[in-house]
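Two forms of a single protein chain come next, each set out by itself as structure tokens; they are called structure 1 and structure 2.
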Structure 1
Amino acid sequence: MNSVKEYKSASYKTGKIRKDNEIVIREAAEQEFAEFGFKGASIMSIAKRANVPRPNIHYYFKNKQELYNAVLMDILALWNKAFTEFTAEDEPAEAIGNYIRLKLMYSRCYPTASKIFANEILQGAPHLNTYLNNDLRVLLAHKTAIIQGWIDAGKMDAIQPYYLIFFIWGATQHYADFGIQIKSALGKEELSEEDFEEITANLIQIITKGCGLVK
């Protein structure tokens, strides 16, 4: 019985160590890819950022492509979580407002993730074509159908749901992708939590009013 407990304990410790190491490597890789893109990043530089020997990287990820794919999937999982939050049963003003709030929170807390995604798209999305042409289309079709349902029910103005979603993406991710420009224009070294609260309130007001949800 003790040997079983010891085995489970050892397995748990091994699993936790592996998970912790992968997190450190992924975080270092995210910084490297955000700064240099896929082509400019190197496994050696990622190892230095993570403060681990280069062979440790290859123990978890066989090459740079596999590590980059893992980082991209982490980003998409994070963003898709926010996108799946609203349902047909929600009130549109609240659902759209919450989505804007979550997207801005991601721009504030995970700016490098947004930059990696933007760089990938600017390069023609060579590593995301399958996702963009399949999973994203399915997800978008589902969410635009929800918005169209609100429109058909007379809950909001008759707008094109796709363009509304694209507008929210651009408006919220701007604060990550063009953060330097924003801070320079406002004369600030960093945007505070209060700044983001003000940004959030204004974007929600502008977008929901444009949808006929605020009189």
Structure 2
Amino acid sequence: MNSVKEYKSASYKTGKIRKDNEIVIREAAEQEFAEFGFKGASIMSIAKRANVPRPNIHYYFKNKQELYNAVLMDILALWNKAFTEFTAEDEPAEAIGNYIRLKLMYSRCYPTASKIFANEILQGAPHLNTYLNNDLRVLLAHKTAIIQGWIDAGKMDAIQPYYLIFFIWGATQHYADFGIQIKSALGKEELSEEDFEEITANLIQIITKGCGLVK
């Protein structure tokens, strides 16, 4: 039927326009979902943010759910990446310090991703059941086993490994999810790189010392 048109678009550059548009839409969607969660987000608002006509969103993504899934998958990849850091061979003080540093770096660089994740959990994680009960749980079991190994080897105090991880998550993600409250409390427009370095140093000091890893 539309063989001419099809040929034309195929000959242009395979999926170039599509790819560009998808990225623009995806980024706008991230902002919207981070603020309002899945239910509160509106496609119209995403279209305005992306500066594209509203029906185009439907052209690139079948529906709201599919768009959300696409965004969410990106974030999970990011999350898992941050979490595969330390290994049993590492020195615990360094390994935990690096993990805290990395998590804070993520809060600084990808606050939107963190917020979407937070929104998803707040809404009862309806789209993350598989992830929470499989991928994350396996990863977590692995990490806590490493920490327990360090404890058994007398390298650090006897802390419940799970609680230590939750502790680090809570403290670091807070800087992304509650960023507005923090900025407001400190009377700053934005947190600078120096601010984040100070935060990192303070956090690492408290936690490593608190776990008996440094004096």
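Residue indices: 1-based, along structure 1. What you see is a predicted model; the values in this text were computed from it and never measured. Think of the rigid core as the biggest set of C-alphas that the two forms share within 1.5 Å after superposition.
Note that the form predicted together with a further copy of the same chain is the one shown as structure 2, not structure 1.
When one rigid part turns against another between structures 1 and 2, the hinge among 23, 92, 76, 36 maps to 76.
A rotation of 15° separates the smaller rigid part from the larger between structures 1 and 2 once C-alpha atoms are superposed. Look at residue 61: with the core superposed, its C-alpha moves 3.7 Å between structures 1 and 2.
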